[in-house]
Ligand code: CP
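To begin, one chain is listed below as structure tokens, in the form predicted alone.
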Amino acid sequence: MSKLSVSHLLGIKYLTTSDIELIFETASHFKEVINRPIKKVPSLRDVTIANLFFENSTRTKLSFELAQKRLSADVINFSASNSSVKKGESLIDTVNNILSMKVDMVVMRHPNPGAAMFLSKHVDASIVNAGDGAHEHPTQALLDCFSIREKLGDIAGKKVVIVGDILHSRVALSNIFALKKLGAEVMVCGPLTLIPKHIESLGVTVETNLQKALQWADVANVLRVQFERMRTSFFPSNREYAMQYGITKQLVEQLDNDLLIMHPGPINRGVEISSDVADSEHAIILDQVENGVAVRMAILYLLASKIEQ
């Protein structure tokens, strides 16, 4: 069996194209498994995985837990909001305590960029980055690309626009890395206050006119406006944002192209996307959720097979 070139999943930028292909191939296999009457396989029966979430998360955490249970792994859940971290315990102490319980793999979300990388250098376990601050969110980008490929057949040559709060988004950065590696053309669209300076250096184009961007694209990946990361106001009001950058049924109906619409969730309905678009046949938001479990199963399985060496 082919192996990943990495022992941790810290970010898309550390993966090769063949790593991504291997993850997709494995995810396709697991997608069949989770659609069977008996959805469990014993692949990770002797593997113990700790989920360390130092930042709130519902969707990603549930998706990882479900993936782990489908693979028959032993799972330890750790939520920092009600733990000793509040009492000032350091990240390394917390993790060493958990590792002394003989954990093979750690899935971690942390508010600080680089936390997963730091951990991978200091502990003897395979680390999966479930989001580090506004830096990367590799499993989201992989499931997004897997979903595009499933719908459009291939990613190379496709035009993908990422719309919205690019500045605070780890999803945007990981998606840009993954899409570029797989040969897509990438554009970002949003108010200039929410577009990082020098983002063009990543090989993407910037467009501030939403209609032009959607007309250009095969796929629109619509990001949530991350109010919780904003210390100041980046646009006048939600209403103003929705008028300029909200994707509405009227806007989609004016396009000449057949647009695929994605959203990593949770959705601010009526801000970045209207309900009738989120629930329309253009949107593949629920496919993304289903694919998230299969892709995360693939990653855990492939990393676990490196541990046994």
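As the structure is a computational prediction, the values presented were derived from the model and not from experiment. Each residue number is its position in the shown sequence, starting from 1.
Same protein, other form: the form predicted together with the ligand, not shown, and the subject of what follows.
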(Q) Considering non-hydrogen atoms and a 4.5 Å limit, which listed residue (Q250, N56, S280, N257) is close to the ligand in the predicted bound form? (A) N56
**Q.** P266: touches the ligand in the predicted bound form, heavy atom cutoff 4.5 angstroms
**A.** yes
(Q) With a cut-off of 4.5 Å between heavy atoms, is N175 one of the residues that contacts the ligand in the predicted bound form? (A) no
Q. Would Q140 count as a contact of the ligand in the predicted bound form, using a 4.5 angstroms cut-off between non-hydrogen atoms?
A. yes
Q: Answer for H110 alone: is it within 4.5 Å of the ligand in the predicted bound form, judged on heavy atom distances?
A: no
Q: Given that the partner is absent here, state which listed stretch (56-64, 271-279, 239-247, 23-31) has heavy atoms within 4.5 Å of the ligand in the predicted bound form.
A: 56-64
